[in-house]
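Just so you know, structure 1 and structure 2 below are the same protein chain in two forms, each on its own as structure tokens.
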Structure 1
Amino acid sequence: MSTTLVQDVKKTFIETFKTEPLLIFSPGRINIIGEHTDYNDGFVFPAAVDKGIAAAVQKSDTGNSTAIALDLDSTIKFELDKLKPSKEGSWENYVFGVVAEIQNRNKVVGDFNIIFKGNIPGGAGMSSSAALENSVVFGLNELFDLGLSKQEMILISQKAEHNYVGVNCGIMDQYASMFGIKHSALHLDCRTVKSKPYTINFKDHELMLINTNVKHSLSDSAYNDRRSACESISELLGIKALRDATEADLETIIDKVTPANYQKALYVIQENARTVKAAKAIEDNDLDTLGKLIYQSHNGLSNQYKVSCEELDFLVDQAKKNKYVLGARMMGGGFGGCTINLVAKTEAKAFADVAAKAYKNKFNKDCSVYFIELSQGTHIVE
């Protein structure tokens, strides 16, 4: 957790609203493996990290509510009985969406003021959106005694994303951000929404992120298209979700789907299996196998699921050239954001330097390197 972030929102809150706020920290996440499997009822392997959103929130007695995005220096006043989505891409949709979804559950939220600030770069594939949604629902639950469980809170965050932000996301991001455990990754079954925590100690290896600093504007619609393709294939197969399909099942409908969609479904089935194998590899401390699975995941995301981009592929190729990197892949929804690299600790910095230099030469722009710590989920800061 970043203490500076928390202090910043606290200070601004007291200056602006002349009262002590409740303070929340809500983390972003990484994902070791299991990409685009969550909305197919499959397995994922995320962990909350030490970067995220700090929020200061308190009841308001002025007859309306205010939200301030400190990073953007942007303020919005609103009335709780007149909520509707703002224009696409507006940050306030995350706040409005959460409030509206709480109201949909017949829970009463009173007027409030909120100030938040984050240190996850937007579009990094590290779920700054889920972190924000969770901070809002967590804060409001506490302030207005709504009695929501963490499970209910993440479903509210997810629905906010569907109905106000317009991304038909799965549950991975909200889950990891809310339920994160220090030093652990969560092997989450997205059908039962239950996870098994794995203590992550790769001894002389670590996870390092490299951000392409690219976000392609079509990523939201491309994401929703992928989800619809998976759902229509499940329907053809007569199953609830691709989690229930084998490669042999998929073969039986090969004539009924486009080759492109066939590859997408095949990717999901294979990625789900890889995620289960990855859990076993971690149990066995078999980092070579884990690394190979991570590389295979990228290959599938790039060539079958088609959610990578030139910059991500380039960084993964850089990793493949370095024998100290056991595995690398794009992370999150795709079309930009970070790669996650499983790399020898003593060689991580050297690899990052070489990759960053090559990246600059090739694209004439900078990538950013993050070393992360696996951390606790959304919580109150005392």
Structure 2
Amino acid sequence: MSTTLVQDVKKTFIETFKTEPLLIFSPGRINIIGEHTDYNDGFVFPAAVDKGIAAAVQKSDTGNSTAIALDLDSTIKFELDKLKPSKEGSWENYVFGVVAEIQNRNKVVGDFNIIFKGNIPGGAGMSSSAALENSVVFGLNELFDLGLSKQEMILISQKAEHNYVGVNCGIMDQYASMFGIKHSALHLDCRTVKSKPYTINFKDHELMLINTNVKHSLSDSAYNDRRSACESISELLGIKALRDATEADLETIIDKVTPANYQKALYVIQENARTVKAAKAIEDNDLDTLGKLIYQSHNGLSNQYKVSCEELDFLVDQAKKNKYVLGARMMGGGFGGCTINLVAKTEAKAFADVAAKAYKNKFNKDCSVYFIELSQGTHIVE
């Protein structure tokens, strides 16, 4: 957690509203393995990280509420009984959405002021939106004594994203941000929304993200297309979701689906199995096997599920050329964003430099490198 972020929002809050705020830190997340398995009722393996959003919040006695996004230098005043989504893509929809979903549960929220600021890199696929939603619901739950459980809070955050932001997201992002445990990843079953934490001893290795700094416009339509392909194959198999299928089941309908959709479903079944193998590898402190599974995940995402892009594939190929990188893959929805790399600590900087230089030569643009630690979920900062 960044103490400077927390200090910044606290200082600005006191200067602006002349009162001491409640301070919340809500982290972004990474996903070690298990991509596009969440909406197939499968397993994912996320972890909260040490980058996130700091929020300062307190009751307001002015008859209205104020939210300030420090990063964007943007302020919005609003009345709680007149909430509706503002124009598409506006940051305030995350705040309005959370308040509206709390009200939908017949919980009474009074007027409040909130200021937030984050250090999650934009477009990196580390779920700054979930971190923001969670910071708002967590802060309001505390301030107004709403008695919401963490489980209820993440459902409120998810619904806010569905109904106010217009993104039909799964539950992984909100879950990982809320329930994160220091030094641990959460093997999360997206059907039961229950997880088992695994403490990871990275020993002399660490996780490094390389952001392609590209986002290809295909992503939303491709996401919906993948989702419906998975759902139609589940229907053909007579099951609730692909998490219930085996490779042998899939073979029984090979002549009823297109080769492309067959590969997509096969990827989901295999990726789901990889998350279970990854849990075992972590339990056995076997980073080599974990790295191999991460490489296999990328291969599937690129060649079977087809959600990678030239830039992501290039960075994973750079990792494969370096014997100090145990595994690398694209992370997130795809078509841009980050690769996640498991790399020897002593060699990480050298690898980052070589990869960044090669990337610049190839695409004539810069990539960005971030080092991350696995950290605690949404919490009050004393």
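Only the largest set of C-alpha atoms that superpose within 1.5 Å between the two forms is called the rigid core. Numbers given to residues start at 1 and step along the sequence of structure 1. Please read these numbers as outputs of a predicted model, since none were measured by experiment.
Only structure 1 is derived from the form predicted together with alpha-D-galactopyranose. Core-superposed comparison between the two structures: the Cα of Glu142 travels less than 2 Å.
After superposition on the rigid core, the Cα atom of Asp225 is displaced by 2 Å or more between the two structures. Annotation for Ala265: C-alpha shift of 2 angstroms or more between the two structures, rigid core superposed. Taking the rigid core as reference, the CA displacement of Leu250 between the two structures comes to 3.0 Å.
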